[in-house]
Ligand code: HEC
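Before any questions on binding or motion, here is one chain by itself as structure tokens, the form predicted on its own.
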Amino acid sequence: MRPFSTVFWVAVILGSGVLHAAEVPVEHPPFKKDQYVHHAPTVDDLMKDQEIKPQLKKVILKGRDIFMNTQQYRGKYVFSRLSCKNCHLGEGRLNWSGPIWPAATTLPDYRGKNGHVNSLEERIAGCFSFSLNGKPPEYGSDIMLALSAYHQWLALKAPVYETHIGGRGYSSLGKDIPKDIHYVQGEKVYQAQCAICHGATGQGKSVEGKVVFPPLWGDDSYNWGAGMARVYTAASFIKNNMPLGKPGALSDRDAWAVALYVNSQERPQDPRYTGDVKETREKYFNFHQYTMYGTERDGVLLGQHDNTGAKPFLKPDALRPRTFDE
């Protein structure tokens, strides 16, 4: 099977506000023979679909708006400078960039990160709590309904509980960091390939107060509990999606190295923090075995702090255990 090919139309926003479009061929990993491949519908498809009632279309479009501009809730539900679209490119539709529709077809299901069966709303709540370093909207709220509707619409005609999904998630490079990959190498790659958009110190770039390129570390980025804090997650995302406009341009080694570098920088505390980073790492080792949290970099113990970024609390109430015991 040949590698899946697509074409990116990339709009790069410069400080002057000028848009430059470039057509760039992208080579993604090949899909495996037993994998199901879904191509999510577009907004044009939605508007042309006569079977979807206008009232539902309105809710789906609201969910898309929240997904694309989650910063509209900064200071209420979001305390980073990120939006959902930053980790799920192509409106959450794009294979090899964590498409969001599989959550609607595979949940409820057990999730190792929190050790119990999760609903779709709970999965979304996790993104607010970790990736957006925020506080989830209330379960059953209009915002949650709109986001759930957007996820489910993107899954239109996809089979339910089909788990062999092509292009899902971020693990195409495997999970184990190659032993010869070094932080210093990653710093060189970052400064050469990434700093032009994300800043020399990972601060990102904003124009007239609006985020153009998201921060990759520091107080305004994802916290230590985010999925992107796992080195293998970041490496696969970078390999298949970055640099913007020429994804796939980096070698596997460079993708691993820059992921290691980015995720060896400090960021807001994991909301599950117990007060001791080594204890927290051990308690959630099924997750943190793939992060640099609780390890030393240049003699500094990463994550041993009480900093929650712009968020005025540590753990949102939505992060609660479920047992289903009477």
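So that there is no doubt, residue numbering starts at 1 and follows the sequence shown. Just so it is clear, the model here is predicted, and its values are computed rather than measured.
There is another form of this protein, the form predicted in complex with this ligand, and it is not shown here; the text below is about that form.
Of the residues Gln71, Asn114, Asn95, Asn86, just one reaches this ligand in the predicted complex with a heavy atom at 4.5 Å or closer; this is Asn86. With the partner omitted from this view, the residue of Ile196, Leu156, Ile177, Leu145 that lies near this ligand in the predicted complex is Ile196 [heavy atom within 4.5 Å]. Taking the partner from the other structure, this ligand in the predicted complex has no heavy atom within 4.5 Å of any heavy atom of Pro108. Contact check for Val212: a non-hydrogen atom falls within 4.5 Å of this ligand in the predicted complex.
This ligand in the predicted complex is not approached by Val231, whose heavy atoms all lie more than 4.5 angstroms from it. Proximity of Gly134 to this ligand in the predicted complex falls outside the 4.5 Å heavy atom cutoff. Contacts with this ligand in the predicted complex, taken as any heavy atom within 4.5 Å, map to no residue of 263-294.
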